[in-house]
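Next comes just one chain, in C-alpha cells: the form predicted on its own.
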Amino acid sequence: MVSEFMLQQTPVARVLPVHEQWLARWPTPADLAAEPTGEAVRAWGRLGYPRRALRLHAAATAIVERHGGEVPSAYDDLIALPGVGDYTAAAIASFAFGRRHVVLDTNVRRVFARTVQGVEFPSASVTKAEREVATELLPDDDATAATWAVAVMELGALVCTASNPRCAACPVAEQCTWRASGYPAYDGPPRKVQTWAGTDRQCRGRLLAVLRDADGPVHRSRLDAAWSEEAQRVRCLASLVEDRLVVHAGADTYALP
C-alpha cells in the first residue's frame, strides 16, 4: 500500500530509499496513525505531490479505526479508504493478496493499446472499451490473474516502453497489432508534458523543504528567502495552508502540522 501511494507519478528509483526508511519507521498502519500528520509530510521528503503523505496517513488512521489495524484485502474496503482510487485498490488487492482484478496503470494501458488496438499510446483517461479488453484478457482464477497483472505491468515498464520499445525481446511481438501495422505514430490529442522550473509545484516544494528541515516553527522571512517571486510565494504558501500541509504557528511563523 505504501509503495502504491509513493509510486503515483514518481519513478521507482526515487521511491526506493524513502519507501525503505518509511517502513523501517512505520511498519504498520497503527504506527503511522499514531504520529502527527506533519511527520508523514516530513518523511515524504522530496518525492513530490506531498498531499499523498496526508492521504496515506488518513488511510492508515481509517485502517486502524475500521479494520483493526490490518490492511483490508477486499477491493470494496480498500476503495473506501481515503486517497484510494480504482487503480490503487485493485493493485493492492491483486499484488498484496492475490485477488483477481483488472489493474490498469500507464504501462499496462500502453501494452494493451499496442498489442490489441494497434495504436502507439492509449487515450488520456481509461475508456470503457479499454476496461472491457482488460477484463476479457484477465485469467479466470485468482492466482493466475494476480501473476498476469504483475507480468503485463513489467512488460510495459521494461520492454514495451513509451520510447524505444524492445520489440525483439517482447514475448508477444508476433501477436502485436501495432507492430504488424508498421508501428503507426500516435496521432491523438497532444500528450501532456509536465514542466517543473518556475511552476507553483516547484515553489511549494521549496517552501516545504524549509519547513521539513527545520526543528520547529519557521519565521516568514526564511520562506521569503526560499522563493523570490512574492506574488507566487504568497499564493503557494496560502495553498499549502489550505491543503493542511502547513499550519500557522504564530502571527508570522509556520510549521508542519
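Sequential numbering from 1, following the sequence displayed. What you are looking at is a predicted structure, and each value in this text was computed from that prediction instead of being measured.
One more form of this protein should be noted, the form predicted together with the DNA, which is absent from this view; the next part is about it.
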{"query": "Listed residue that, although the DNA is not shown, lies within 4.5 Å of it in the predicted complex (heavy atoms), from A151, C167, A157, V133", "finding": "A157"}
{"query": "Among the candidates L81, A113, V102, A146, the residue which, in the predicted complex, approaches the DNA to within 4.5 Å (heavy atoms)", "finding": "L81"}
{"query": "Output flag, L47, R191 and R212 jointly within 4.5 Å of the DNA in the predicted complex, heavy atom basis", "finding": "yes"}
{"query": "Contact label in the predicted complex: T88 to the DNA, heavy atom within 4.5 Å", "finding": "yes"}
{"query": "4.5 Å heavy atom contact, G205 to the DNA in the predicted complex", "finding": "yes"}
{"query": "4.5 Å heavy atom contact, T106 and the DNA in the predicted complex", "finding": "yes"}
{"query": "Any non-hydrogen atom of A238 within 4.5 angstroms of the DNA in the predicted complex", "finding": "no"}
{"query": "Proximity to the DNA in the predicted complex (heavy atom, within 4.5 Å), stretch among 63-71, 22-30, 39-47, 221-229", "finding": "39-47"}
{"query": "Residues in 8-35 close to the DNA in the predicted complex, defined by a heavy atom within 4.5 Å, in order", "finding": "Q8, Q9, T10, P11, V12, R14"}
